[in-house]
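In structure tokens, the next block holds one chain alone, the form predicted on its own.
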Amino acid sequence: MSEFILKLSNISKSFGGVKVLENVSFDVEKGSRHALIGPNGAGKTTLFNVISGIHDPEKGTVYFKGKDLRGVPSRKRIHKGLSRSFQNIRLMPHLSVLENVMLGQHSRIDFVDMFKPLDFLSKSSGKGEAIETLKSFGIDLHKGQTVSSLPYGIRKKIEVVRALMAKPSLLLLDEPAAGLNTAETKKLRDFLKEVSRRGITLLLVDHDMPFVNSLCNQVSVMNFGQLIYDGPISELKNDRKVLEAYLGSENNLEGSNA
């Protein structure tokens, strides 16, 4: 029997009288790699913001690990195991990779300990953990470099690692492959598969369908604020509503599973 880590029930949201989300309901299975896709303006990022607590829904409920998140602010959702990255990289460009990654520990490490990598104090348990996490994903060689000096693809990985430092059980990824070339996208896909193998559920928004097809096993599709498909990604191209939303072309939904 499937166990669901996230359940969305009839989520609705409007801005200035414009309905952005309308009765959106779907579940994310624990351990899955689940995509949320749709044309521009479909409401995907708004839904992410509702899930992570940036926006409150006008109607509907977000359940995480069976608990109602109404009234739980964004920072406390991180404590509960729900973390995210953003479409636009939000790293501190003047800080080192290690210092940026350690900022991801803020939800569970003492505030004073956060200053230890900056040489205010001699030892830091958080510093050791951050180094080991970078090493486990093969990017520890960059730990002392300032973020602004690194290629865009590396910075994308660093932002994911920073989100992982909160020890999430569900990681939300907003356009993780945006701005990456083909080689960088493949490396990111393999990187995220490794994240998944470590028991972290992934829910991601992305427009790169080859990337989505080669990474995810489940998909929810939105159009004009409504859910039009929810199911296995393997069945996506057979759904009439989805094909219509993507201008009737199967080519827009195809991609390599290599």
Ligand SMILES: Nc1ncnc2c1ncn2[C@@H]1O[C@H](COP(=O)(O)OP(=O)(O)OP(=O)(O)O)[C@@H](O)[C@H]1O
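When you see a residue number, it is the position in the sequence shown, counting from 1. The structure presented is a predicted model; accordingly, all values stated were derived computationally and were not measured. Take the two forms, find the largest set of C-alpha atoms that superpose within 1.5 Å, and that set is the rigid core.
Just so it is clear, the following notes concern the form predicted in complex with this ligand, a form of the same protein that is not shown.
- Message: Can you work out whether residue 203 and this ligand are in contact in the predicted complex, taking contact to mean some heavy atom pair no more than 4.5 Å apart?
- Response: Close contact is absent here: in the predicted complex, residue 203 is far from this ligand, nothing within 4.5 Å, heavy atoms only.
- Message: Even though the partner isn't displayed, in the predicted complex is residue 39 close enough to this ligand, meaning a heavy atom within 4.5 Å?
- Response: Judged by the heavy-atom cut-off of 4.5 Å, residue 39 is in contact with this ligand in the predicted complex.
- Message: Please tell me whether any heavy atom belonging to residue 44 falls inside 4.5 Å of a heavy atom of this ligand, as the geometry stands in the predicted complex.
- Response: Taking the distances in the predicted complex, the answer for residue 44 is yes, it comes within 4.5 Å of this ligand.
- Query: Would residue 30 sit within 4.5 Å of this ligand in the predicted complex, counting heavy atoms only?
  - Reply: Answer no; every heavy atom of residue 30 is more than 4.5 Å from this ligand in the predicted complex.
- Query: Which of 45 to 53, 209 to 217, 186 to 194, 66 to 74 has heavy atoms within 4.5 Å of this ligand in the predicted complex?
  - Reply: Looking at the partner contacts, the answer comes out as 45 to 53.
- Message: Please identify the residue among 20, 245, 236, 11 with any heavy atom within 4.5 Å of this ligand in the predicted complex.
- Response: Of 20, 245, 236, 11, the residue with a heavy atom within 4.5 Å of this ligand in the predicted complex is 20.
- Task: State yes or no: after fitting on the rigid core, is the Cα displacement of residue 77 between this form and the one not shown at least 2 Å?
- Result: False for residue 77: its C-alpha shift is below 2 Å.
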